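In structure tokens, one chain follows: the form predicted alone.
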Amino acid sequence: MSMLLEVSNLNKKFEGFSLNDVSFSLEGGYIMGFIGENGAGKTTTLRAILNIIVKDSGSIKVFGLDHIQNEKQIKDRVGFISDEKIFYEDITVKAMKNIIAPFYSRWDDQLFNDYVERFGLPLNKKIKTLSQGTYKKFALAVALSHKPELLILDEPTANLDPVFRTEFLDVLHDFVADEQHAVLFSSHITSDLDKIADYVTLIHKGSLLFSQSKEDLFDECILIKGGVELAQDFRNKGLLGVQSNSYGSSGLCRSKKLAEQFQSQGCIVEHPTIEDIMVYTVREGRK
């Protein structure tokens, strides 16, 4: 399997915010969930990869190529769905497709028409009349119809109904099945990532907190719950993001041995979701 994306020591400074030495990589055959709070730097990172914004320093390689020197070649091979509306609103779906298609060397009209039928897209409706969900379906059809090798998705399942979200995830599974394609998937809907992600990368206030396989993450992280009186003990033992209220205390543990000790004391031990891991880790990062 080849490395399709390599981000090394990425830095970008704005007034009031900066990306700080962000580094991660993604191989063919995998889906990476890219998570963090609003304003954490996810969209900035994705835009830097695509050279929509110019990085201050660091290295970004896509398909082993420098993302600036080979920008045109790279963008011909990358499918992108933005969290913002980027299509002309006063023309029809079909007219917008006709504008986009010539920019891609591998555009496949038959493939696009297959997605039109599969997603129920109204070719003769103006873009501005589409619901948010239908707009996202059109964006997905466009992103896939030029046969990309890497998909970069910024909140692609927002505003999609649960039925189509499930179908969307199936499309992504099929996309990476040959181990030659990959997906970088930024989303606040972490339940989608629980189902589909192979790797999880968490960014907080412009800094990377971790980037690792979901399997290892779930193997290492354990949610501990106990009485109110255990809150300080949780903190003293190094649990992450400890919170306490009238119902009890909880924290995220990254040691099986320590989790067993708490379990022997009567604490509840649970497998966390990706959302749990993000919330407790970010809460710890705020200290």
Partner chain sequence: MSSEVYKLIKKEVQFTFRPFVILFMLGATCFIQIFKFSMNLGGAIVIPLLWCWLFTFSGTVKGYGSKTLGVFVAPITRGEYVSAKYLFSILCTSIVFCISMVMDIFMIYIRDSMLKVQVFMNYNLEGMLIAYPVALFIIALVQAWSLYQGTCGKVDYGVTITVPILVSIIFMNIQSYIFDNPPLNFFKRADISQKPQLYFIVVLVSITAAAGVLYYSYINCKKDFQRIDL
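From a predicted model like this one, the values you see are computed outputs, not experimental measurements. Numbering follows the first chain given and starts at 1.
Separately, the form predicted together with the partner chain exists; it is not shown, and the next lines address it.
Asker: Note which of Asp194, Asp216, Asp76, Asp114 lies within 4.5 Å of the partner chain in the predicted complex, where distance is taken over heavy atoms; exactly one does.
Answerer: Exactly one listed residue reaches within 4.5 Å, namely Asp76.
Asker: Does each of Arg47, Glu89 and Tyr104 have at least one heavy atom within 4.5 Å of the partner chain in the predicted complex?
Answerer: So, yes: the whole triplet contacts the partner chain.
Asker: Where, among 77-85, 206-214, 116-124, 186-194, do residues come within 4.5 Å of the partner chain in the predicted complex by heavy atom distance?
Answerer: Among the candidates, contact is made by 77-85.
Asker: Would you check, heavy atoms only and a 4.5 Å threshold, whether Asn51 touches the partner chain in the predicted complex?
Answerer: Close contact exists here: in the predicted complex, Asn51 approaches the partner chain to within 4.5 Å, heavy atoms only.
Asker: Heavy atoms within 4.5 Å of the partner chain in the predicted complex: does Leu169 have any?
Answerer: It does not: once the partner chain is placed as it appears in the predicted complex, Leu169 has no heavy atom within 4.5 Å of it.
Asker: Decide whether Ile100 counts as a contact residue for the partner chain in the predicted complex under a heavy atom distance cut-off of 4.5 Å.
Answerer: Because a heavy atom of Ile100 falls inside 4.5 Å of the partner chain in the predicted complex, the answer is yes.
Asker: Would Glu71 count as a contact of the partner chain in the predicted complex, using a 4.5 angstroms cut-off between non-hydrogen atoms?
Answerer: Yes - in the predicted complex, heavy atoms of Glu71 and the partner chain come within 4.5 Å of each other.
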